[in-house]
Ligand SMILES: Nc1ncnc2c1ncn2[C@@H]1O[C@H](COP(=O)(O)OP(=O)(O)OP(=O)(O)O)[C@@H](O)[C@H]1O
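What follows is one chain in structure tokens, specifically the form predicted alone.
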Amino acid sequence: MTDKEQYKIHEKPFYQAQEDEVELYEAAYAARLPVMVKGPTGCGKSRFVEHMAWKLDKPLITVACNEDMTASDLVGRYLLDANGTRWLDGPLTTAARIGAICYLDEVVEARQDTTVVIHPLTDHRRTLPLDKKGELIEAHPDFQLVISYNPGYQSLMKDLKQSTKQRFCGFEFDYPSAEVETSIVAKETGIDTDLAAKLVAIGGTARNLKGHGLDEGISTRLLTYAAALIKGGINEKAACRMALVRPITDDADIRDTLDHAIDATFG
């Protein structure tokens, strides 16, 4: 298996387009423009990127960013083995070499001094300097950089610099309309549309509490979790409490409010 084939997505990921984001992404890829995807937790950002990689038949290398990630984690490092030292490419370097889409998920979690290494790949240079190795990589013509983050969790300590933001074109995602989200939950899990609509209604109740006791509403991802539990034979109310309420709040009043909404929905 070639390096490219190793990173390709061979089964179509289900993604329900909301507007014209698929066509816009295709245009961005055709121009090899770096792409930023913003939106709340569990609204479909990563699934969208996976779907586009599959649709374009391009390899996808995903990096889950975290505050401990260093530049070496992205670009690579020398390792010691029985024969001495050897260089091991990081995921960003691998993507640049083979012409993959490199997806940096929740990029604001990474330290700002780490994200600076992506700058030469996001302008006319399309290069990646490996200072420790003394090598300058010219990015493969198929290479594209995609980043995502949740604006709701931004702070002064966790935000992208303008010098980074203005290197990307952007998509702003949100949770779908109730009709579209009902279709997504039903298609994703195989439950019937009426049940999916009830779960979406509970999700809507929680989202209305955002900023009034909840930092984040119930995501589409959590709705599919609840649907999967119900499809597996779990009682509707128990599944909703387990998948929709307990993960998002420890506040007793908020929990009771959402539990009452579940009881009212399922009788």
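Numbering starts at 1 and runs along the sequence shown. Keep in mind it's a predicted model, so treat the numbers as computed, not measured.
Separately, the form predicted in complex with this ligand exists; it is not shown, and the next lines address it.
Of the residues given (237, 207, 198, 221), 221 alone sits with a heavy atom within 4.5 Å of this ligand in the model of the complex. Note that among 33 to 41, 237 to 245, 198 to 206, 57 to 65, the stretch whose heavy atoms approach this ligand to within 4.5 Å in the model of the complex is 33 to 41. For residue 184, a non-hydrogen atom is located within 4.5 Å of this ligand in the model of the complex, even though that partner is not displayed.
Among residues of the shown chain, residue 188 is one whose heavy atoms approach this ligand to within 4.5 Å in the model of the complex. In the model of the complex, no heavy atom of residue 249 sits within 4.5 Å of this ligand.
At the 4.5 Å threshold, heavy atoms of residue 142 stay clear of this ligand in the model of the complex, well away from it. Along 45 to 71, a non-hydrogen atom within 4.5 Å of this ligand in the model of the complex is carried by 45, 46, 47, in order along the sequence.
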